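Okay, here we've got a single chain as structure tokens, the form predicted on its own, with questions on binding and movement later.
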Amino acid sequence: MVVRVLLKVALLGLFDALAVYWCVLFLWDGNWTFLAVTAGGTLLLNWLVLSSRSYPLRYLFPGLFFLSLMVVYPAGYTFYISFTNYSTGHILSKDEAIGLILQRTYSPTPSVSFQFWAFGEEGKLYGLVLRGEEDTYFLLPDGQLSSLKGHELTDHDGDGVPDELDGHPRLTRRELFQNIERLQTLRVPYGEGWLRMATLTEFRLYLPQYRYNPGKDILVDRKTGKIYRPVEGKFVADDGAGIDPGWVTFVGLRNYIRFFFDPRYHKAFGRVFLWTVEFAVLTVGLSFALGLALAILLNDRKLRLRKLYRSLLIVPYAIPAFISILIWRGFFNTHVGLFNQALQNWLGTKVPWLTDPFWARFSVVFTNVWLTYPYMMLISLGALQSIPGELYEAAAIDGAGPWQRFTRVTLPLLMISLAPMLIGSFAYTFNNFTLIWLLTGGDPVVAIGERAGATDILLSYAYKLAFQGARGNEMGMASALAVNIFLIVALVSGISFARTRMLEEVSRGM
């Protein structure tokens, strides 16, 4: 017991010491969010370990922690992003965007330039001589600029080009190229701007192009005189010209409204939504019908080799889904796929399985039915075996035929236990990104410039908006679509669960 307590104290002390160390680092860095999370988490952990009142929470906390980290936080962050303009060109904070803009420079007219020569030995740069119209300077490799006084510059052949500096020879063109990366990074303060290498023989003066006025919150272009004001996360001039990058800002319901009123989105959204519903309904309906039919056959005790059939029919469920999908993708290949080779040999024709919208959708539904029917067969078989045989005997005595026994006894009793699973299957299929992405990638293309393909479902369409945008990545729009997907699935599931309550009356009557 003593050893256990000492071990607990030692581990907790080590954790607290690390937490204090990180808190100090966050404090120095000014990262208040991470500081608050680290400090709060450390205090909570100490309370869970040391307080006797927190004993039940010790077992719940790990699950609650990962639930919050893996589910609640991503969902909340997605909801937040959907109300912002987070997208390509708008991923920074305002201060970060201003900082990047203020780093931009321009060369004034007339330009101020200095001819330069580099001196040293091969592999070692001693310094540079910068000669302008009026002054000549000595530049160290670290970017420090000083007067040439105190340095001996020698021109042996009298051609006006120095040959040595403090006894160090001038670098040849080849030797200069060996130091080119180092020279290109030099930003030498000079007057109001910087001297930077412009060519292999010249340094040029560059001035900061923009000046920020924090009081008026405006940017002034020193080159053109334009004034830029912040408009929806971007500095914009009166003529509509903007400066990139912008910053993340709150835009309210604009992302949601664009899905319904912007032609670039509402047409694709409506088409993708309709296909997603069709895909989910067809897959769940067909796989359930096939699984139930097989379950009824396998539930017949008179069927010989039932165990063998069950083992064979469960194979699609046992193989990892992504492997099966890639195999089917090879089967559906238009040129070298198994199906088209067989059709070419037998009928002299080929089917554009993955390049025609109709056949691509057929391929997606067919593959998903193949992947899901074993699950439907298993749950149906288990539910069938739980139905008392006396009910069928009573129905047969009352004169019910096989179809009546199925529709009046088997199916109602099956739906009592299977309806929630069918709803879950519908929600899973509604968001089955893996199948769509691995089999078709959402293709084929419906129209040039259209992001959503013929087989894209809402989730794959959201992925394309977020990470594969031709006009840039639109994470805000993708998040809004993700929230809509969540609401749609929640609504359909809620209505479906409410409807399944009526089946409880059937079970009570039984």
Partner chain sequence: MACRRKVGFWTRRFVRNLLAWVAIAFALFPAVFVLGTSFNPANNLSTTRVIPRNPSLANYFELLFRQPFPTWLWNSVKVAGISSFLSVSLCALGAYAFSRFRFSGRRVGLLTLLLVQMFPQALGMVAIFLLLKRIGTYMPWLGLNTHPGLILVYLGGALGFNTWLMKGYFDTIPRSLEESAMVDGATPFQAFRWIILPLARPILAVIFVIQFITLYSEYLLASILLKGEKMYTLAVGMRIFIGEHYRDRWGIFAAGAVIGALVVLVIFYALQSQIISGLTGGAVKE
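We call the rigid core the largest set of C-alpha positions that still match within 1.5 Å between the two forms. Residue numbers count along the first chain shown, from 1. Bear in mind the structure is a predicted one, so any value in this text is a computation, not a measurement.
Missing here is the form predicted in complex with its partner chain; even so, the following discussion is about that form.
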Its partner chain in the predicted bound form has a heavy atom of only one listed residue within 4.5 Å, and of Leu282, Leu145, Ala394, Leu313 that residue is Leu313
With the partner omitted here, the residue among Arg229, Arg329, Arg187, Arg131 that in the predicted bound form has a heavy atom within 4.5 Å of its partner chain is Arg329
Counting only non-hydrogen atoms, the one stretch of 148-156, 74-82, 235-243, 273-281 within 4.5 angstroms of its partner chain in the predicted bound form is 74-82
Could you tell me if Asn31 has a non-hydrogen atom within 4.5 Å of its partner chain in the predicted bound form?
yes
Open item on the list: When the contact criterion is heavy atoms within 4.5 Å, does Glu192 count as touching its partner chain in the predicted bound form?
Closed with: no
- Task: Would you check, heavy atoms only and a 4.5 Å threshold, whether Glu390 touches its partner chain in the predicted bound form?
- Result: no
Partner proximity in the predicted bound form: Val20 to its partner chain, non-hydrogen atom cutoff 4.5 Å: no
Its partner chain in the predicted bound form: contacted by all of Phe250, Leu292 and Phe362, heavy atom 4.5 Å
no
Contacts from 277-300 to its partner chain in the predicted bound form (any heavy atom within 4.5 Å), listed N to C, are Leu290, Leu294, Ile296, Leu297, Asp300
ask   = After the core is overlaid between the shown form and the other one, has the C-alpha of Trp32 moved by 2 angstroms or more?
value = yes
